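Only one chain comes next, encoded as structure tokens, the form predicted on its own.
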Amino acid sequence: MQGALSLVGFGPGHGEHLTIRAREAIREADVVVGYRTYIDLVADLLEGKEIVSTGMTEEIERARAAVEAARAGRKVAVVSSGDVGIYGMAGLVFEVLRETGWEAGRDFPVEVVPGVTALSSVAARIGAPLTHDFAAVSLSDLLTPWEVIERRLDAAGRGDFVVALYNPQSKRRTWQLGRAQEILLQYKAPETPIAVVKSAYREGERIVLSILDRMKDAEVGMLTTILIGNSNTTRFGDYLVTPRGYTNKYALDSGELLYQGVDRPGRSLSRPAGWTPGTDPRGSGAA
């Protein structure tokens, strides 16, 4: 009997945000493999199944157990919060598959089931902070050298990206968040809006809106994701909004082009002489 392996992202942890396919993949499985906390979050779907759960830092053991079970003819689901391919188990499982000689079309099938990411969950809780370009950086140096992380933070700050920080702090890693703040403050204003969100859509959810200059003083942990705005991000009540750029080209009240004769709908944005994005290209005297 041929096995099957599904790598399943189940979203932020609330059943309402579990996709139909993710729910089906878990229900179809004979064996469900996951970090203990993740297993608990999908416990209502696990009746009658064999469970392989391990603790933090035992990811390789979980990946090998999943591949071995699928090779033995079992239907296996590896579960991961958020999206399984974004800081999740999918990459490691594929590394184990390659190491063990698995071949598509010859061996058991492998499916990656996408899920709602921590990044998009946090963004939804605080409005529309990701409407323009953004970068995600994990501050955990357990698997990535810190000097590499610093280079990525520097590039994200230099490029004026909205920045999402994963794994910002743990009991052992206490100084990295402050250093990340120092790097980003080289490029971003101290009053840049930020959101510090713990356990979005889960029990114990906590949302704090603040500014970049106070980021290192925030109460954070491994269940926290931090979103840091770009130079155009603004706070709107209890929301953060990053404009897509429509007001660089169109008048919101009428939808008309601001710079008639050069710009056209569906065409690249023109740059009249002396114009800075974010200002009205018609000049200071424009109505």
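Treat the numbers as computed from the prediction; the structure is a model and nothing was measured. Start at 1 with the first residue shown and count on from there.
Just so you know, the form predicted in complex with a small molecule exists too; it's not on screen, but the next bit is about it.
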Every residue of 12, 117 and 223 near the small molecule in the model of the complex, heavy atom within 4.5 Å: yes
Since the chain is shown here on its own, which stretch among 178-186, 70-78, 145-153, 86-94 would lie within 4.5 Å of the small molecule in the model of the complex, judged by heavy atoms? 86-94
Between 98, 202, 158, 214, only one gets a heavy atom within 4.5 angstroms of the small molecule in the model of the complex; which residue is that? 202
Residue-level question: is residue 167 within 4.5 Å of the small molecule in the model of the complex, judged on heavy atoms? yes
Is residue 193 close to the small molecule in the model of the complex, meaning a heavy atom pair under 4.5 Å apart or at it? no
Is the gap between residue 113 and the small molecule in the model of the complex 4.5 Å or less for some heavy atom pair? no
4.5 angstroms heavy atom contact with the small molecule in the model of the complex for residue 162: no
